[in-house]
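One chain is shown next in structure tokens, namely the form predicted alone.
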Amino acid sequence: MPHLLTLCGSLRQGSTNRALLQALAHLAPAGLPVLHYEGIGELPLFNPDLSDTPPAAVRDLHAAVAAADGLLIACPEYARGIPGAFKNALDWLVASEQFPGKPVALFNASPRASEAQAALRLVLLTMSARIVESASVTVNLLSKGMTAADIVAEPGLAEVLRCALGHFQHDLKEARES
């Protein structure tokens, strides 16, 4: 069954970015399940010497990304860049044969996190991700302490996110048909 996979750039359980991705799972169109990858904090530091025989956590990441029809990414900004643990996960995916061309939607929980979004976009494009611009959105959740349930219950936010997911689903359908 087709599904989307979320990748959260924050390791914090109470992260706004995590809440945003969890809300997306509740708002996804029928027939398009959203699964959450939770292993980023378990990945060892990237070491290209291990590429031929990657550790189990890396194999799990590769398998999860390969099985997904598309990726939904939300990432905070730390020191004007991508958090180290998330960049480490992306480094492990650089040599993945399944990553190039993978559809990606970027979700930004803070309009002030523009530097990280630009850096993330650059890294993903370098990795040959296919960023679906019409499905990539910025919402203002900064300092609001919203849970996934709060986001789903907020009509304006929920509509923006449903619309983004609809664009992503449409893009996936068009890609399959071409």
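Note that residue numbering follows the sequence shown and begins at 1. Fair warning: this is a prediction, and the values are worked out from it, not measured in the lab.
Keep in mind that the form predicted in complex with a small molecule is not shown, yet the notes after this line are about it.
> Can you work out whether Thr16 and the small molecule are in contact in the predicted bound form, taking contact to mean some heavy atom pair no more than 4.5 Å apart?
It does: once the small molecule is placed as it appears in the predicted bound form, Thr16 has a heavy atom within 4.5 Å of it.
> Using 4.5 Å between non-hydrogen atoms, is Ala95 touching the small molecule in the predicted bound form?
Ala95 lies outside the contact set for the small molecule.
> According to a 4.5 angstroms non-hydrogen atom cut-off, is Val58 in contact with the small molecule in the predicted bound form?
Judged by the heavy-atom cut-off of 4.5 Å, Val58 is well away from the small molecule in the predicted bound form.
> My question is simply whether Ala129 lines the interface with the small molecule in the predicted bound form - judged by any non-hydrogen atom within 4.5 Å.
Residue-level check for Ala129: no, no contact with the small molecule.
> Which of Ala113, Ala28, Val139, Ile40 has a heavy atom within 4.5 Å of the small molecule in the predicted bound form?
That would be Ala113.
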